[in-house]
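Form predicted on its own, single chain, as structure tokens, below.
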């Protein structure tokens, strides 16, 4: 079981533009059969974790009445009350290390996907729990927005692939010994 941050970013390192829009990403074509594609990645996921901003974005863009897009348990970190929707969604607060135990037990031998955002992935890294960072680089520069990772993190290259116009890179997180 690995904890993986799988996301797309602009070539200048932003996962959303200053207005929290992903229009720059959603207009791009991808190949579902390509190496390192989302469809291949999601098959190994046994649990998800996301921050409140990512959850709110899903509600706004998928529609609050739309079926929850994931069929595995999801933990949402938030300090605010959020609208619940049908699905195995668990609202939590506190340390990622504490919640990690429950997520790992539920995921079993499958992976945990840190859906977003970058700060939440950084919290997992700070706790020594983040194992991999999968980045799909879109051919666009945003100039500003939500950063891929808002802190220093040492990585080692594991794999590189292409998916349509995206450069796909898988990194291992270098753990301090």
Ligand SMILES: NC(=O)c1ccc[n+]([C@@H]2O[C@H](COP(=O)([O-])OP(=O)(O)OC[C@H]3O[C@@H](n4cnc5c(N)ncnc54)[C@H](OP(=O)(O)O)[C@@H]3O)[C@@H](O)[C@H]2O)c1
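As the structure is a prediction and not an experimental result, all values here were calculated from the model. Residue numbers count along the first chain shown, from 1.
Form predicted in complex with the ligand: not shown, discussed below.
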Decide whether residue 122 counts as a contact residue for the ligand in the predicted bound form under a heavy atom distance cut-off of 4.5 Å. no
Looking at the partner-bound form in the predicted bound form, is residue 56 within 4.5 Å of the ligand by any heavy atom? yes
With the cut-off set at 4.5 Å between non-hydrogen atoms, does residue 4 touch the ligand in the predicted bound form? no
Is residue 149 close to the ligand in the predicted bound form, meaning a heavy atom pair under 4.5 Å apart or at it? no
Taking 47, 72 and 171 as a possible spot, do all three reach the ligand in the predicted bound form with a heavy atom inside 4.5 Å? no
For the stretch 101-131, which residues lie within 4.5 Å of the ligand in the predicted bound form by non-hydrogen atom distance? 115, 116, 117, 120, 123
